[in-house]
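Only one chain is given next, in structure tokens, and it is the form predicted alone.
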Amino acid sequence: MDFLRPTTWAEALAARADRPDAVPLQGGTDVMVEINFDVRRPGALLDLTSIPELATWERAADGRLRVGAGLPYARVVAELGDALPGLAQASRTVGSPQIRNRGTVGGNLGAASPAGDAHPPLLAGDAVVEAESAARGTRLIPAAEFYLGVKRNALAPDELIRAFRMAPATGPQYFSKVGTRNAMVIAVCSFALALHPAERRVGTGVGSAAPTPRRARAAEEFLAAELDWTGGAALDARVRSRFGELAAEAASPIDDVRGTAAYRRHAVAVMARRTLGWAWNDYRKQVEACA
């Protein structure tokens, strides 16, 4: 197995073009486990951890945040918790402190595991993945179009993830996760919710309950039409219940060692209702404060 370690982005793109069989390493918390357990044996590893610019973030001219693929979860929590609260909540649930210091959202995207904790809040927040190749330059891939199948993403063989772009939260955001224990566990299923009051729109993300992370679009449309965006009136129990049902209907889970399909559907409905309750309570306080 060859080990490639570029120190600049240009070198990384050149190496990717020359060795499309090389597996990019951006934290290694998934890749190294698979190698250690002999699940995969790539011809080469392309280590991107020595490229400083990948571990930075900035506010772009359009107001969105541009977050480098190498920014670790710990820094997402510490530096972006106010701007991207849903993603920060998900980042807090990833592994142990050591894993959060090493693992990255970019690595989560590259692995494209249905159970990745970062995926639901990226979907709910309308994130866009910035991919680049030496031959064709940069292209932007909406998160909703990025996941193609179990551990398959929309990257071309010569592309690397450089960053993701996401607008700062304009309303409450929440992430919820069910696991077989309270910490250091792969999600049995997960759910993210983002309220976008200025657009009177709702974003969702369902994780580990389908072959790919996905949005619950019918649930989003239903809830956006039912919420009292102007006055912040209390939620009707019927609305909360129906939102949970529609979120569960968006799932397409399987039975596996972590949980049954029936349990996952039930848990998605429960998490949808709970995150909605938390988010709407926050929104009502914001409305009252502005009154």
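Between two forms, the rigid core is defined as the largest C-alpha subset superposing within 1.5 Å. In case it trips you up, residue 1 is the first one in the sequence shown, and so on. Remember, predicted model here, so these are calculated numbers, not experimental data.
This protein has a second form, the form predicted in complex with a small molecule, left out of what is shown; the following refers to that one.
Participant: Is there any non-hydrogen atom of Ala234 lying within 4.5 Å of the small molecule in the predicted complex?
Facilitator: Residue-level check for Ala234: no, no contact with the small molecule.
Participant: Is Gly207 close to the small molecule in the predicted complex, meaning a heavy atom pair under 4.5 Å apart or at it?
Facilitator: No, Gly207 sits far enough from the small molecule in the predicted complex that none of its heavy atoms falls within 4.5 Å.
Participant: Check whether Pro253 has any heavy atom within 4.5 Å of a heavy atom of the small molecule in the predicted complex, and answer yes or no.
Facilitator: Pro253 lies outside the contact set for the small molecule.
Participant: Within 4.5 Å, heavy atoms only: does Ala111 come near the small molecule in the predicted complex?
Facilitator: The answer is yes: Ala111 has a heavy atom within 4.5 Å of the small molecule.
Participant: Could you tell me which of 133-141, 95-103, 199-207, 217-225 sits within 4.5 Å of the small molecule in the predicted complex, going by non-hydrogen atoms?
Facilitator: Comparing against the small molecule in the predicted complex, the contact stretch is 95-103.
Participant: Hey, with the small molecule in the predicted complex, do Arg40, Gly107 and Leu155 all fall inside the 4.5 Å heavy atom range?
Facilitator: Per the other structure, all of Arg40, Gly107 and Leu155 touch the small molecule.
Participant: So which of Leu80, Ala115, Ala167, Ala74 gets a non-hydrogen atom within 4.5 Å of the small molecule in the predicted complex?
Facilitator: So the residue touching the small molecule in the predicted complex, by this definition, is Ala115.
Participant: Under a superposition restricted to the rigid core, does Arg238 display a Cα displacement of 2 angstroms or more between this form and the one not shown?
Facilitator: No; that C-alpha moves by less than 2 Å between this form and the one not shown.
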